[in-house]
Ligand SMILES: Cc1cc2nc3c(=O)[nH]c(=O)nc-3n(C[C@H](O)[C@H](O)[C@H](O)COP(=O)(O)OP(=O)(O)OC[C@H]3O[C@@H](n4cnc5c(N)ncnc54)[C@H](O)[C@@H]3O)c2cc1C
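Next up is one chain by itself, shown in structure tokens, the form predicted on its own.
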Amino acid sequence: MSSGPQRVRVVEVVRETVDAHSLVLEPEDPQPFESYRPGQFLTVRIPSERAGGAARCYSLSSSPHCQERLKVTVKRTVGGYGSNWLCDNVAEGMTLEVLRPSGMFTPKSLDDDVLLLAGGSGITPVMSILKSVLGAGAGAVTLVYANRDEQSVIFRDELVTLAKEHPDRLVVLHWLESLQGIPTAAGLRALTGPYTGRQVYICGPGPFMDLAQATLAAAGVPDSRLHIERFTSLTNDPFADVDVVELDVEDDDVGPPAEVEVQLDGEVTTVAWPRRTKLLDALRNAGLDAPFSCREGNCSACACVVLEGEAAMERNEVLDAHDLEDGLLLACQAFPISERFRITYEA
């Protein structure tokens, strides 16, 4: 399965609100998208003459369990180059380039009861999780959704329909600034209090996520049950060709290379991992189609699971303490410490 650019055709543009559009997509090659998980995102190439190109990550609001076409939802941001270009220019019939679905903001079980907190366009991956739990799992779902006013509620009608279809499993609680003011710790504590024993998923503007995380942590929710999706703007072009350079596997200053056994796309391969080389570069230099997107430690597209061995990451903006305990590693930022490794992309 290729981790390179994939072409998708826009088959429908849905105007969710005045400043949010959903793009319904049909891939030319369905295979890279068949195993995507609820809560993941696509990296989209934005046509640009800027040096280094332009790419942005947008969450999938569709569910892989509900017989839906792929759908990303984009909300305009002030000064946002990517969001404004997509909302102003994309029309039915256009073709876009994307990277295959990525991201760790996904439930391990659709049978768990979940508490979802979303602010504004943060509803996008949360909606994918919500529909997946209701459609393919047995869990109960409570959604706390904050917006400026009623007109800015993305998926408003769909949420009403889902609540009617699942009255015993879905509770939707709205927070509207026009009526209740800016969200407060006391207000969120009152809304979430009955549901703090659940797995919690949070996405939205930074201040909203910080408030929600602090409120729930103060209520005793452990870090292992708090899952937060944070996006940062990409500063390089993940669609650009990546040069594969000849690696010096004999480096007496730091010792011989480590050996890494890799489970990827159903095959097991062993490659040399030079001490001063990042894992992703070593894998791709060996001809393996290891996944990646930002190459900056910001998106988790390159994440693998360490089965054996120890490594150090130069940068990590997305994996939390619980992820690290589970053995997750950002291949684009990892250098070897141990002499032998086993990693998998199959988990």
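One rule holds for the numbers: they count along the sequence shown, beginning at 1. This is a predicted model, so every value here is computed, not measured.
Keep in mind that the form predicted in complex with the named molecule is not shown, yet the notes after this line are about it.
When contacts are defined as a non-hydrogen atom within 4.5 Å, all of F41, S59 and G82 contact the named molecule in the model of the complex. The shortest heavy atom separation between W175 and the named molecule in the model of the complex exceeds 4.5 Å. With a 4.5 Å cutoff on heavy atoms, V74 counts as touching the named molecule in the model of the complex. When the named molecule is considered in the model of the complex, Y195 lies well away from it, no heavy atom lying within 4.5 Å. In the model of the complex, F208 stays away from the named molecule, with no heavy atom inside 4.5 Å. Checking 257 to 265, 120 to 128, 220 to 228, 156 to 164 against the named molecule in the model of the complex, the stretch whose residues place heavy atoms within 4.5 Å of it is 120 to 128.
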